[in-house]
Each structure stands twice: as structure tokens, then as C-alpha cells.
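Next up is one chain by itself, shown in C-alpha cells, the form predicted alone.
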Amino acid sequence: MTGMELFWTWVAAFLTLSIYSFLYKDNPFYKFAEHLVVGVSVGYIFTINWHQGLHPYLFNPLAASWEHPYNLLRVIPLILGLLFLLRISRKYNWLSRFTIALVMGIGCGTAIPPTIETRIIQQTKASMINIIDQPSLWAGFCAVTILVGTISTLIYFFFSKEHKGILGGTARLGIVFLMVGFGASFGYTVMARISLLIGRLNFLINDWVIGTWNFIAG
């Protein structure tokens, strides 16, 4: 490890400990690290948008509009984008609604079809399993579980009739499947966070403490 690598390792360790210091209480070190993350993120996003968006797809074509006059049409999205800045004006902030409505309309139009395909159609297809022709007894049991869980969960959200009798029992079974699903999702989230914690602890012990000791001893 070189001296410069050791320096940046200490910087990373300081920022890591500053973030974890919030576990004790809110303090200036945590605020500094938090503001640094936000500032770097905004700068990074702006740089990416400039080099991969505005520069190649807006300003370069407009600069070459004398060769390709149809590039002047790109002035329209430029104006719509500038209208976003009018949100800070009390008098003219209503003009930004045109851009917001356009973005929301395009976003919904592009997001709704794949969402329906992945979260409704594909999920419906996945629940349509041939229970009889399964390769093993366990596979058949899993297929039955998926079928029962899907039906009971859907019945739980059927509010047109009071949940009594068979309907009520099936709805309560749906609650069990919902709780299992929520618990699995929460457990997966906790495992992901623990994995991040293990990674940072591994960095602090191996790269920072042991790396600094080796640099001093070597």
C-alpha cells in the first residue's frame, strides 16, 4: 500500500465512522458526511446528465443545425426543460405544469404496460401450474401451496361480501400467506443491510487497521 492509498483509506474510514456515529446521536461529523454524500451525488448526476444527455443530444445537434436544420426542433425540449426552473417563481410557476404534465404522461405511458406485464400477467401465468404433471411430490406440494396462497390472498382483498364461514377462513389463511411474504421481504432487507455492514467492517479491520499497521511496520 502506497502513501496515497493509505491517505484515501483513512478518508474512507473517517467517512464510514462519521456515518455510523449517528447510531449514538446526531452530531457534526454525521452531518458533514451526509452533506458530502448529497453534494457528490448531485455533482455526479449533473456530470452524467451533461456528458450523456445534454451535450451529445442537445447542444451538439443545435451547434450543427446549419447543416441539419431539423435539429432546430430540439429547441422545444430545451424550452420545456427551462420551464422547470420557473418552479422557484411565485408568479410564473404555473408554466412549469406543462412540462410536469408532459413528463408524467410520458412516464405513465412507458411504465404502465411493462408494469402490467411483469406484475399482473406474468404473475398470473406463474400461478397457473399443472398440479398433476409435476416431476416430484415436493414439486406438487409447492404447486398446491402457490395455488392455495394465491386464491386465499385474493379472497382476503375481496370486500364485497362479509368474511364469514368458508370465505372468512380462506381470508384468514390469506393473512398467513401475506405475513409470510412480508416476513420474507423484511428478512431479505435485513440480510442485505447486514451484508453492507459486514463489508464496511471488513474494510475497517483489514484495509484500515491492518493496512495502516503493515504500512507503519513495513
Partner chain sequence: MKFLFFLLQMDRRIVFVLVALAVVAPLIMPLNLPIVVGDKVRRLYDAIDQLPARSRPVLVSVDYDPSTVPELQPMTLAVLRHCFSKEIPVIVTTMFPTGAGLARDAMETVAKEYPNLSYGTDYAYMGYKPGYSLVILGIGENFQATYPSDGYGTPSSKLPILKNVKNYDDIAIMVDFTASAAYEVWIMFAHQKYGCKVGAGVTAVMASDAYPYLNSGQLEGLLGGLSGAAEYEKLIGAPGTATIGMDAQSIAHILIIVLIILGNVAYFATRRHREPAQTATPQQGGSA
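Rigid core here is just the name for the largest C-alpha set that superposes within 1.5 Å across the two forms. Positions refer to the first chain, counted from 1. These numbers come from a predicted model, not from an experiment.
FYI, the form predicted together with its partner chain isn't displayed, but the following is about it.
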Contact flag, Phe186 vs its partner chain in the predicted complex, heavy atom cut 4.5 Å:
yes
is_contact(Ala126, its partner chain) in the predicted complex, heavy atom dist at most 4.5 Å
yes
Contact of Val11 with its partner chain in the predicted complex (heavy atom, 4.5 Å)
no
In the predicted complex, does Asp133 come within 4.5 Å of its partner chain, counting heavy atoms only?
no
Since the chain is shown here on its own, which stretch among 62 to 70, 169 to 177, 22 to 30, 153 to 161 would lie within 4.5 Å of its partner chain in the predicted complex, judged by heavy atoms?
22 to 30
Among Gly53, Ile106 and Gln122, does every residue place a heavy atom within 4.5 Å of its partner chain in the predicted complex?
yes
Taking only heavy atoms into account, state which residues of 181 to 195 are within 4.5 Å of its partner chain in the predicted complex, ordered by sequence.
Ser185, Phe186, Tyr188, Thr189, Val190, Met191, Ala192, Arg193, Ile194, Ser195
Please state whether Ala111 has a C-alpha shift of 2 Å or more between this form and the one not shown, with the rigid core used for the fit.
yes
Core-superposed C-alpha of Leu137 shifting 2 Å or more between this form and the one not shown
no
